[in-house]
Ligand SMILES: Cc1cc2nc3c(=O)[nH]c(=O)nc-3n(C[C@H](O)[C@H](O)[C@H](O)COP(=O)(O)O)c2cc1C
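Here's a solo chain for you in structure tokens, the form predicted on its own.
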């Protein structure tokens, strides 16, 4: 069986999966539950000067692995974390990462208290709603503690890569990419009101829907800073999603939405499925595939047409390949006979991606 252990900022993780900051890591009890279910590490909800008071309701499922939220930071006080939650995590079977934010002043207030706590905290993750705050927050965390520091960046910042550059120059030991995407808006059509409470009902999206955004961000960061570990956080629902993140350079995987919607057993199950996938594809560890796709991410367009292959034995005659062809180039006749009008076909490739049995495949000419 493949060895799925990874290293992150000097900490050895028994698998790549980290419970990212969110409801599942509300306190010591929730974090221990994640560890027992297979998470190798966990990031606390974000500690701020004052505990949060969340609007009601503040989380909604959009289906198919996606959620919206208007949730805020930790609703337990820093004092409770320092005096009760962190001590209750001593000896826990996992790496504890303390999240703190959202301003320099709050880092300067909270970081020294975390330094005094020491074990079980192994590293910090700083996060802010404003890009301009990140560099000074990293500097403050590095100055006031000896912990490795992860800088959590937001997909909502147009200058995200410049923020990453600044955080790394300020001493960040790694990057968490990325925070939730937004603001977005979802209307309950039965009530004609926003589905969530909060300013204007605006919310933040996580889960399956944002995965392609996060893959692009992780790839951009890893191409730019190949020696800096990136915790890919956002949209990972399956072991195959994790493989994709590793192939664009991720060092570890953060998850919150998938284990919330599917149950915390997701951590251990997905780690097992990752090991199986690696075995089946001839890899011994995530290190074997880390950054494997990056050389193929380059400027320019490939204009070579596709050559299609059809395996009638695998075909279930579902007709999906025919249905999705906007150019009416593909036809499935009686007896599983596949016809392609090559003059009409634009080699878009959609038909291949919707085939549920891989009866239809394609390659470059």
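Numbering follows the first chain given and starts at 1. These numbers were taken from a predicted model, which means no experiment stands behind them.
The same protein has a further form, the form predicted together with this ligand, not shown here; the description that follows concerns it.
Discussion item. At 4.5 Å between heavy atoms, is residue 41 in contact with this ligand in the predicted complex?
Written reply: Outside the cut-off, so no.
Item to complete: Please run the contact check for residue 22 against this ligand in the predicted complex: heavy atoms, 4.5 angstroms, yes or no?
Response: So residue 22 counts as contacting this ligand.
Worksheet item: Within a 4.5 Å heavy atom cut-off, is residue 73 in contact with this ligand in the predicted complex?
Response: Yes, residue 73 sits close enough to this ligand in the predicted complex that at least one of its heavy atoms falls within 4.5 Å.
Worksheet item: Heavy atom to heavy atom, is residue 178 within 4.5 Å of this ligand in the predicted complex?
Response: Heavy-atom contact with this ligand at 4.5 Å: present for residue 178.
Item to complete: Pick the stretch from 109 to 117, 90 to 98, 226 to 234, 143 to 151 whose residues have a heavy atom within 4.5 Å of this ligand in the predicted complex.
Response: In the other structure, the partner sits against 226 to 234.
Worksheet item: Between the options 36, 297, 62, 59, which residue brings a heavy atom to within 4.5 Å of this ligand in the predicted complex?
Response: By the 4.5 Å heavy-atom cutoff, the listed residue in contact is 59.
Fill in: Partner contacts in the predicted complex for 185 to 216 (non-hydrogen atom within 4.5 angstroms of this ligand)
Contacting residues: 206, 207, 210.
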